[in-house]
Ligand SMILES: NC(=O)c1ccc[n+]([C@@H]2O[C@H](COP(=O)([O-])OP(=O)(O)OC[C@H]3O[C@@H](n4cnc5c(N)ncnc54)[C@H](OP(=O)(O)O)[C@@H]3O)[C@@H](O)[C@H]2O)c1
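First, one chain by itself in structure tokens, the form predicted alone.
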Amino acid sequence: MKIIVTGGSGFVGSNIVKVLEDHHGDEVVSTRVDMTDADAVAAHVASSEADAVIHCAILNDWDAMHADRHAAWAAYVEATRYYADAAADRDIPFCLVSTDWVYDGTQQNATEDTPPNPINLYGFLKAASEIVALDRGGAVARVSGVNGTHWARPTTPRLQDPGFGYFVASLVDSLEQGTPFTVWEGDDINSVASPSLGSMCGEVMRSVVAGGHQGIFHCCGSESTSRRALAEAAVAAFELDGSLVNYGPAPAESFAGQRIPHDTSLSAVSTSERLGTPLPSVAELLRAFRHERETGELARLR
């Protein structure tokens, strides 16, 4: 297949690109257009003669989003609209990459049919983008607690944040250097999620567009876990010194007073049944991550 991937140089996007190219031999079309310009997007999609579009790009800047709401809306919702419209005009599959943060953090193991109820601007923009994608006959792939390798910038240190993304990488980076690591805990951060691996998410999205599927899909493993339990599992999987791990509250400046969903655990049972994709355990995800980190090659989850 020939697939347009927006945001292919980002963390999740780089995993999508590597899965498409390395596992499936697909041709990936990069995007060097103003995604908030409808005509530019339409011309790019038409000239590419692509077979599908996976829209992963976002304005990945929390401060900028809040400083300019118009720019944030354009970067998320309007960009989604333009790519979804362009894909619909060419009658090719469209898949929007979304997030477990479309939920408010009070719903355990939300299914693909559980209505979104975001509590912060990022979640709201993603939920609005989902509506746009679905209304145009596209698909939505929600990622959750994504860990793994940043294939576009593999040596870039990853930092712990109020979400689950990069959490394992940030912990492993510190412990491998013999540096103590404090696992954040508290009611004001994302404390429970359903971890995934970036490359696993890429496989789910490839299945979505290859099959021309519509609707909502969840990209995560079979288990939900707390940050503490995930830290303990990562220490075991990577054979690290657990005595370097501490637990404590997140620094206030890490979320700047914004509301963060506490429990964003998802269920991906329906997705697995529809696509035939695996539902790996936390231990299996961590083993796969270690394989990718140590070999530079994608893992295969079954």
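Since we're looking at a predicted model, the values are computed, not measured. Residue indices: 1-based, along the sequence shown.
Omitted from view is the form predicted in complex with the named molecule, to which the following refers.
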Quiz item: Of Trp73, Trp184, Tyr166, Phe181, which one comes within 4.5 Å of the named molecule in the model of the complex, counting heavy atoms only?
Solution: Tyr166
Quiz item: Just one of Arg206, Arg81, Arg227, Lys126 has a heavy atom within 4.5 Å of the named molecule in the model of the complex. Which one?
Solution: Lys126
Quiz item: Which of 272 to 280, 243 to 251, 50 to 58, 258 to 266 has heavy atoms within 4.5 Å of the named molecule in the model of the complex?
Solution: 50 to 58
Quiz item: Does Thr99 reach the named molecule in the model of the complex, with heavy atoms at most 4.5 Å apart?
Solution: yes
Practice problem: Tell me, yes or no, whether Val235 is in contact with the named molecule in the model of the complex, where a contact means a heavy atom of each within 4.5 Å. | Solution: no
Quiz item: Any chance Trp151 has a heavy atom within 4.5 Å of the named molecule in the model of the complex?
Solution: no
Practice problem: Report yes if any heavy atom of Val146 sits within 4.5 Å of a heavy atom of the named molecule in the model of the complex; otherwise report no. | Solution: yes
Quiz prompt | Residues within stretch 1 to 34 having a non-hydrogen atom within 4.5 Å of the named molecule in the model of the complex | solution = Gly7, Gly8, Ser9, Gly10, Phe11, Val12, Gly13, Arg32, Val33, Asp34
